[in-house]
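Quick setup: one chain, the form predicted on its own, written in structure tokens, and binding and motion questions come after.
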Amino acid sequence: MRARGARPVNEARTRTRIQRRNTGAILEAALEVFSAHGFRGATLDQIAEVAGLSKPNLLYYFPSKEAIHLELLTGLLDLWLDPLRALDPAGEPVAEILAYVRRKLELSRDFPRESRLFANEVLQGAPRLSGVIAGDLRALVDEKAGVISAWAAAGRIRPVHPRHLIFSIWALTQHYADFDVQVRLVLGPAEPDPFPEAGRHLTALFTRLLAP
């Protein structure tokens, strides 16, 4: 006998599935809107329209634009930090750094909207992520900067400022996502996919910079 007021099992499962679907639709729509318009330019009405939901329905899942934005940023951080976490102190130094460059370039190719979302947050002064950037991100950069410094001290790579090396990798890879339109307009139709040549160029550039 089912307890009074309890939902049938199938109904509960269906409702959970619908909730997951709607939450996913909202986050996908918000990613599209935020990456195109930034946090300040985006509205709940725009997100609801792209998600195919009413605004009251959207607010059932997320109480505010800020809550949606924070959910997206929180989910993005692990994706963004994983390539740097993978830098292996026991590996061959130049190969490890080149693998990091390649992984960052692949993120720009595969997740351009996420890259622009993060860039917009930082350009606004990182109001929602400053604690994470000054905490977890800085700690990870410090850790990997120590690895790079040790490689340089052992003569396994050329002397280099480790944090500025990491900044350079960010700048030279994320540029292809954050300035995608500019890249494609300047390259023109002769090079419709910039990533293969970008990969070769960055490999040659960082090899020359780092090889002892």
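Each residue number is its position in the shown sequence, starting from 1. Quick caveat, the model's predicted, so the values are computed rather than measured.
In what follows, reference is made to the form predicted together with another copy of the chain, a form of this protein that is not presented.
Asks: Can any non-hydrogen atom of residue 163 be found within 4.5 angstroms of another copy of the chain in the predicted complex?
Replies: Within the cut-off, so yes.
Asks: Is residue 181 near another copy of the chain? Define near as a heavy atom within 4.5 Å, in the predicted complex.
Replies: Residue 181: yes, in contact with another copy of the chain in the predicted complex.
Asks: With a cut-off of 4.5 Å between heavy atoms, is residue 147 one of the residues that contacts another copy of the chain in the predicted complex?
Replies: No, no contact at 4.5 Å.
Asks: In the predicted complex, is there a heavy atom of another copy of the chain that lies within 4.5 Å of any heavy atom of residue 198, even though the partner is absent here?
Replies: Judged by the heavy-atom cut-off of 4.5 Å, residue 198 is in contact with another copy of the chain in the predicted complex.
Asks: Among 124, 138 and 170, does every residue place a heavy atom within 4.5 Å of another copy of the chain in the predicted complex?
Replies: Every residue of the candidate spot has a heavy atom within 4.5 Å of another copy of the chain in the predicted complex.
Asks: In the predicted complex, which of the stretches 49 to 57, 148 to 156, 30 to 38, 66 to 74 has residues with heavy atoms within 4.5 Å of another copy of the chain?
Replies: Answer to the contact question: 30 to 38.
Asks: Quick one: of 99, 86, 133, 79, which gets a non-hydrogen atom within 4.5 angstroms of another copy of the chain in the predicted complex?
Replies: The option sitting close enough to the partner is 133.
Asks: At 4.5 Å, heavy atom to heavy atom, what parts of 177 to 191 sit next to another copy of the chain in the predicted complex? List them in sequence order, or say none.
Replies: In sequence order, 178, 179, 181, 182, 183, 185, 186, 187, 188, 189, 191 come within 4.5 Å of the partner.
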